[in-house]
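What follows is one chain in C-alpha cells, specifically the form predicted on its own.
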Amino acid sequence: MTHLVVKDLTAGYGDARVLHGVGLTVGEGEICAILGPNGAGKTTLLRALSGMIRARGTVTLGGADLTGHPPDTLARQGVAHVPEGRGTFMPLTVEENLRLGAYVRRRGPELEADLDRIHGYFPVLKTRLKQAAGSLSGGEQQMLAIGRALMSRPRLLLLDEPSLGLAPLVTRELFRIVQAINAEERTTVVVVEQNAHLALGIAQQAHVLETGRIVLSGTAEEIRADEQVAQSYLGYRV
C-alpha cells in the first residue's frame, strides 16, 4: 500500500533551486534509501519533506496532503526528521531530550511506556538518563536523536546521514536497530546515506539523486546490481 507520495517536488534556498521535479513513492512500512553524490540534493529533499524549507509540488502521507505545512504541523501528522548532525540539545539530559520528542502528544502514562520502548532499542540510553546529551559519544548521540524522534510515534521517519562520523561497528549496530524498528513498528523510513552498502542492505527500494533529479529508481536489489551504482557508490564492477 502506497504511503508516501511525492510529485514534481521543487525546492531550494533563496534563488538557488536544488530539487527539480522530484517524484517518488514509498510503500507503508518500507525502508527507502536515497543515494547520490555530495550536493545532489539529498538533504534538501528531507528538509522539504519535513517542512523545514519551502517547496512546490505535492507531498501526501497516507492520503493526507502535507504540501506547504510548517514543521510543527507535519510533526503532528506523523513526520519525524533526524537531521544530519543529530540535532540533540546538548545542555539537556538524555531524559529531557527524549521527553521533548513527545511534545506533539498529550501527556499520559503511555509516555512512560514509550520511554521503556526506546530503552529496549537503545539500552545504553537508560544508563545515561541523567547525563547531559553533550557528554555522550557520537554513536550514543545518534541513538538519542533517533530515540527522540520515535517518542513522537511517527508514521514517517526521515534519517539524514545516520552513519556520519561513526565507527563501522557502531554504524552496523545502528542500522540493525533501524531495521528492527521498521520490522516491529512498521514505521516507514526514508534514509539518506553515503554508505550505500548498509543502506541497500536494509532497504526495500532506492532512488539515486544527481543534481536535484532522480536518475535511477528500483528495488534495493536492482539498484545494487546496476553497474553505474556499483562503480560510483559500492566500489566494484558488476
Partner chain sequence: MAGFLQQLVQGLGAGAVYASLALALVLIYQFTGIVNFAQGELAMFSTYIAWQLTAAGLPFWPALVLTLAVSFAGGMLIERVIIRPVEGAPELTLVIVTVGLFIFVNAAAGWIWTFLIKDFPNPFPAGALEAGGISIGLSTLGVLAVVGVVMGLLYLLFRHTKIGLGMRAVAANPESARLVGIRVGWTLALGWGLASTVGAVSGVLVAPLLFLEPNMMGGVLIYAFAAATLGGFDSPVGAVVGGLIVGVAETLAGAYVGFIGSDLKVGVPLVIILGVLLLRPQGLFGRAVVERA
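Residue numbers count along the first chain shown, from 1. Predicted model, so just to flag it, every value in this text is computed and none were measured.
Keep in mind the form predicted in complex with the partner chain is missing from the figure; the text below concerns it.
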Study note, to complete from the structure: If we test each of 136, 144, 75, 150 for a heavy atom within 4.5 Å of the partner chain in the predicted bound form, the one that passes is 75
Check your understanding: Wondering, does residue 162 line up within 4.5 Å of the partner chain in the predicted bound form on heavy atoms?
Key -> no
Review point. For residue 100, is any heavy atom within 4.5 Å of the partner chain in the predicted bound form, or not?
Key: yes
**Study point:** 4.5 Å heavy atom contact, residue 202 and the partner chain in the predicted bound form
**Key:** no
Exercise for review: Flag residue 109 as yes or no: does it have a non-hydrogen atom within 4.5 angstroms of any non-hydrogen atom of the partner chain in the predicted bound form?
Suggested key: no
Check your understanding: Would you say all of 44, 54 and 65 touch the partner chain in the predicted bound form, counting a heavy atom within 4.5 Å as a touch?
Key -> no
Practice item. Output the sequence-ordered list of residues from 69-89 with at least one heavy atom within 4.5 Å of the partner chain in the predicted bound form. Key: 71, 72, 73, 75, 76, 81, 83, 87, 88, 89
